[in-house]
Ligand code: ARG
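Just the one chain here, the form predicted on its own, laid out as structure tokens.
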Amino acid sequence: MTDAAQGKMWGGRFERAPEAGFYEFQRSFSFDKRLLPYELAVDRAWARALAAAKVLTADDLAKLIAAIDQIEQQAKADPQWLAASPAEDVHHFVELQLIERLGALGAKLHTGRSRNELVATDFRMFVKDAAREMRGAVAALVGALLGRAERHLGVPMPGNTHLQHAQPILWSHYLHSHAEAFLCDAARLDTAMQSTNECPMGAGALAGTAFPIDRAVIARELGFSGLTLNSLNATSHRDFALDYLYALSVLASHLSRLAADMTLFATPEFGFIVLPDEYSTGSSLMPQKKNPDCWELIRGKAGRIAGALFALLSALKGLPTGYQRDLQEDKGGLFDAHDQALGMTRIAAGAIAATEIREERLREAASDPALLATEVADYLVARGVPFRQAHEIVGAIVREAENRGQSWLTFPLAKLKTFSPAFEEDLHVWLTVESALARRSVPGGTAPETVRAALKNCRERLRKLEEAL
């Protein structure tokens, strides 16, 4: 067989070429060509390490570096050049190109190393950059939420649990809740980024390289803060990919929750927000429609990202120790999850920044008497009534009002005293949205001054995140 001469990285021991359908089935270049910039960076570092170990001469090194630079320049200038390649994977592609340019010297670069460690290194470098890029997008989304929260500070809205009116809160408090969730996502992305920081190069296929390679120099050159400490684990370890997919999955769930709110708030039944034209679509049949497609798509894509995490977990759970070809399936889902999450986050930031509120509708909804029921219970507690008893008293008042078809706020004091003698004339002071908000002044509460301080604190943490980027 002449498979080795045809350019395979493993063909010498085979008599027959791969079946054509199988060769296409097992190729990964269609998606792992995305790792080419990292592959070339690793190749440069490895060439220098081989030269330092006296495997390559200074002239060899100069020629290899020049050829690697040429490959990089051509790939940038002509993307179709990559698409047309018959290479098995990104490593095979580079080797073919080096041999085409340099002959036997091009084949020397693979001395002492394995594709197992190469892909582990490339993939770590990709995930580190991807996580950094995602953190930037999350920071922009947090900035958009804070900008709207600061703009509308003081506007009340009904706060819900179980999609039922619960207590009045500020619109700014609501937006800040999402900003805090996304800042937690940024921290998770940072954790994922840090989990990539050990360099596998020098691990070989599983046992370590036999050449006197300075692994620490390679790690520093490639931007790693340390080395993998076990060569067998280094080539099969994909926890960093799980960490990143988990961070993306939680981020996607937070985006989906925001999207669910925005689609509801835009309905005529809520009427809290005005959908921006730039992030909405219409109906091909009904001319009056403005649909929240950006939010619906964000909500729908969240499952796709969680699916990528589950797929990788499933692929990893039954693998024996050491590199297995199953690990080729680690990248496609992660690449897609990154692309989708990045798009979702950027679209959400733009849509939030462009969304206007209907302030009067928010104030009207916040005036629902049901939102003040807890205030009445607190009023009774302040006058010595045990909370459980106060809860039952207020529940009875609300029930009777519902039976009468009227608001319990219209009950005269004499009527309220039939439920509890603790009611006095000053009750009306408690029964306003403004007083209900003001009493929630504990740290993290919805009182205007507390929210203003929380937004300031959040803005400062966002500034530190932006500086870190």
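All figures in this text were calculated on a predicted structure; none of them were measured in a lab. Residues carry their position along the shown sequence, with the first being 1.
The discussion below concerns the form predicted together with the named molecule, not included here.
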The named molecule contact at N116 in the predicted complex, heavy atom, 4.5 Å: yes
H237: touches the named molecule in the predicted complex, heavy atom cutoff 4.5 angstroms: no
Give a yes/no on whether S420 approaches the named molecule to within 4.5 Å in the predicted complex, heavy atoms considered. no
Q328: touches the named molecule in the predicted complex, heavy atom cutoff 4.5 angstroms: yes
At 4.5 angstroms, heavy atoms only, are D43, E198 and F224 all close to the named molecule in the predicted complex? no
Pick from 433-441, 27-35, 410-418, 66-74: which stretch has a heavy atom within 4.5 Å of the named molecule in the predicted complex? 27-35
Partner-free chain; cross-checking the named molecule in the predicted complex, the single residue of D243, E375, E95, D89 with a heavy atom within 4.5 Å is D89
Quick one: of W171, F272, Y379, Y323, which gets a non-hydrogen atom within 4.5 angstroms of the named molecule in the predicted complex? Y323
